[in-house]
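One chain comes next, on its own, written out as structure tokens in the form predicted on its own.
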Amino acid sequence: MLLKIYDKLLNHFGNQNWWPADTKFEVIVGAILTQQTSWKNVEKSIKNLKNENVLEPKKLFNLPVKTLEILIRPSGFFKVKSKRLRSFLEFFVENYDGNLDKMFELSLNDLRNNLLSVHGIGPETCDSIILYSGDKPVFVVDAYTLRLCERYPIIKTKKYEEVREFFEKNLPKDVNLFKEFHALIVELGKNYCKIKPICEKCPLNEGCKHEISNNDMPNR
């Protein structure tokens, strides 16, 4: 079932080539900043960091907190996110000397457990880092994924770990497939499978169990 869904989404949307970043470290910063905001806002913050030439582990680690807050302000919740970035940077610099190769040498399970121990890094952010920056096969589950699972339906549970394990067990362990599938689900959620869905145009309309009522139709 999952591969059929993947094929339909890929045929409709095409390759997404996600995550958009120039470096693996940029992916990590973006994954932390994108919490509770749109990617457009994150792009503004990333641009600010690049313009100041501080989008490197040790440069960002040594940046004064107030300066960091100003630079990442467009991504929203800048005080909270500056603390989360600082927590990751302390963990990263102190344990791996700011070297991504050292960090990603860990087994997937050890890497995942270590990242989840960092303040402000939950399962979705953790798995985004591992998949898109570390190129390790872990499936990222977000709100769009849970919505798809409920409406199609794919799996009854809404528990993050159970949904992640379901996708990983029922798909080939292919990093590029995991990246593309997650990105395609995001496109589906943004364009069709919204809170008020546009079911009649959705590429997964056939097989979807979501019932449309007059109150559920999107405003046009």
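For every residue, the number given is its place in the sequence shown, counted from 1. We call the rigid core whatever largest set of C-alpha positions still superposes within 1.5 Å between the two forms. Predicted model only: the values in this text are computed from it and were never measured.
Not on display, but discussed next: the form predicted together with the DNA.
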| property | result |
| --- | --- |
| The DNA in the predicted complex reached by all of Lys44, Arg73 and Lys79, non-hydrogen atom within 4.5 Å | yes |
| Touches the DNA in the predicted complex: Tyr144 (any heavy atom, 4.5 Å) | yes |
| Exercise: Glu150 in contact with the DNA in the predicted complex, heavy atom 4.5 Å | no |
| Partner proximity in the predicted complex: Lys136 to the DNA, non-hydrogen atom cutoff 4.5 Å | no |
| Contact flag, Val54 vs the DNA in the predicted complex, heavy atom cut 4.5 Å | no |
| Interface residue in the predicted complex among Lys59, Lys169, Lys50, Lys159, criterion: non-hydrogen atom within 4.5 angstroms of the DNA | Lys159 |
| In the predicted complex, residues of 20-39 near the DNA [heavy atom within 4.5 Å] | Pro20, Thr34, Gln35, Gln36, Thr37, Ser38, Trp39 |
| Large Cα shift (2 Å or above) at Ile195 between this form and the one not shown, core-fitted | yes |
